[in-house]
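To begin, one chain is listed below as structure tokens, in the form predicted on its own.
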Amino acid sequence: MADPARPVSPATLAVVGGRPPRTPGAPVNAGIEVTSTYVQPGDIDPALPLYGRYGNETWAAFESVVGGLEGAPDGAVAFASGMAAGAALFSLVPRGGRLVMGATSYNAMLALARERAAAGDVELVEVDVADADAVRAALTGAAWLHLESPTNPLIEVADVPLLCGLAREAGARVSVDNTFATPLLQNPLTDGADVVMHSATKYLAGHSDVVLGVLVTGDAGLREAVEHQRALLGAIPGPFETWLALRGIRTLPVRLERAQATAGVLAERLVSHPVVARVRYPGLAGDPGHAVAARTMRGFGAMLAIELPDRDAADRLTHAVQLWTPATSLGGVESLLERRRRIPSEPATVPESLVRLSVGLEDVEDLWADLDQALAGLG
């Protein structure tokens, strides 16, 4: 029998967390709680559910698993989308405070931060998160540091423990978008971050059929603040979507293991391909982020990017593949690719010829054969 005092591995927690009590006749899986309101006569009892905008048992099951995986079992708050979570996150930055964030962060988060800066809500400083000295300089007088590592779509790697320490010295709070790495490869709260963000649409749900976000924090005050934002603005997740994401988490360890192994093989082969100008993947010994990723992460992930001779070649590649799907998301069971600069809001720092690849669960040789034939047609 398992020792209750012995912590289980993240791979096990992904499977066993958030289950109903193990009583005879109880269901094995958490249910889908579909209701807008709850019975509660008399004075309001804060320990009981009151209204669907404030809580739901399906949310609670999902949140307990994600919180546990990130090291804060009671600290996860689910949202209707990753950007809803991002908006709630940025609401934590004090009005007029300096927000330091990666210059190559996800374009929608950058757009949101720039809008807040234009409105005078924050002072925004964009910085290269892979340059610790630049981050240290930007943190002087800062209120908040927002990191993304690896970054989307340049696959840059930040030294999360080091940067969290620098932020602490400067008196700034830290949030980390952990979507690409997932809680299985790094745990920013353990490294000193205050809040972790996920687009649960991606690896957590894992099947390209959900739009969902989540924030996790071990700080009770921050958790209360983001819960307040969710309830006040109504950015609540649907019970069906939350249940699908919970079901997706059950297979996250095996999905990520398979996809990561395939990504490593593809990256090594792409490096020597005559048409490919550059491969961005921290698992490669020559990648600028390799040493930091090897030291701070438990794996290199399943996201990579390649640069081709020019924009035309990148566009042609997305039309030439047969097995890979040209689409804009990532983290699902199917392999996707996209020329990122086709997105109007993508930062100018992203090369026009860059193609981002999200490696799925198909056979590695099939994926390679499809890429190889598509690349051969570019020569």
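Throughout, we count residues from 1 along the sequence that is shown. It should be emphasised that the depicted structure is a prediction, and the values quoted were computed from it without experimental measurement.
What follows is about the form predicted together with a small molecule, which we do not show.
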The one residue among Thr262, Gln229, Thr179, Asn187 placing a heavy atom within 4.5 Å of the small molecule in the predicted complex is Thr179
From Thr217, Ser199, Thr242, Ser175: within 4.5 Å of the small molecule in the predicted complex by heavy atoms is Ser199
Even though the small molecule is not shown here, does Phe90 get within 4.5 Å of it in the predicted complex, heavy atoms only?
no
Touches the small molecule in the predicted complex: Leu337 (any heavy atom, 4.5 Å):
no
Contact flag, Gly283 vs the small molecule in the predicted complex, heavy atom cut 4.5 Å:
no
The small molecule contact in the predicted complex: Gly82, any heavy atom under 4.5 Å:
yes
From the candidate stretches 208-216, 164-172, 291-299, 122-130, select the single one in contact with the small molecule in the predicted complex, where contact means a heavy atom within 4.5 Å.
208-216
Triplet Asn56, Glu63 and Leu246 all within 4.5 Å of the small molecule in the predicted complex via a heavy atom:
no
